[in-house]
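Only one chain comes next, encoded as structure tokens, the form predicted alone.
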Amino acid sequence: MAELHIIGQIIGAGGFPQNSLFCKWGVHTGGAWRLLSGLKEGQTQVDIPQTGDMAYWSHPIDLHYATKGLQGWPKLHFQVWHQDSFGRCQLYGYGYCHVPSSPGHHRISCVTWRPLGSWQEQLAQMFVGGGPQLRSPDLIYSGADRYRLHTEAMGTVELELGIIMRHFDKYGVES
């Protein structure tokens, strides 16, 4: 079987309306992929930057997959949350990116977005907090229904990934 190692970190996020951010992340793969080691989902700590608008997490990612086919190449998906001084959490953005398909060191900027509600929901969000969320997180990385949503652009999540590929040449993939 061909093997894929993903080793790196979620560096942090910037460009969001407020600081005090944390991130929930996960990996989605197709049916031909099997996780040999590592965690396929996790959550960072909350970072409250003293200067600048970049929240730094330096959260490690270390995954080892085996596969017999290329369909369902791994995708990383993110939910960025804001935590206020009272400990209340508010969704600030969803995002996803494909894991690079070439070996080596990669720096990735993953753009995020969040759903927009009606004008009444947006007004309530300004005063009370909260806001619309996706019923199914699968919409983050599956394009079928996502394009019908009304959204607004948010900040970016910065990643640093090292990709190691093994035995892909036996399955007709040149690296």
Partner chain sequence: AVMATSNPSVFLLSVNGQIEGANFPEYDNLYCKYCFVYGHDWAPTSGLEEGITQITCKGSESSHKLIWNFPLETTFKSTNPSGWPQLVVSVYGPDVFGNDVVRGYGATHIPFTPGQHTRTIPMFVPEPTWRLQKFTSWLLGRRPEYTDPKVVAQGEGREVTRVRSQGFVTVSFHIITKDIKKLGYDTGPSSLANTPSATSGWSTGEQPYNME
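Positions refer to the first chain, counted from 1. Every value quoted in this text rests on a predicted model; they were computed, and no experiment measured them.
Keep in mind the form predicted in complex with its partner chain is missing from the figure; the text below concerns it.
Taking non-hydrogen atoms only, His105 approaches its partner chain to within 4.5 angstroms in the predicted bound form. In the predicted bound form, none of the heavy atoms of His28 sits within 4.5 Å of a heavy atom of its partner chain. Residue contact with its partner chain in the predicted bound form: Val46 places a heavy atom within 4.5 Å of it. The closest heavy atom approach of Ala153 to its partner chain in the predicted bound form falls outside 4.5 Å. In sequence order, Trp57, Ser58, His59, Pro60, Ile61, Asp62, His64 are the residues of 57-72 having a heavy atom within 4.5 Å of its partner chain in the predicted bound form; the partner itself is omitted from this view.
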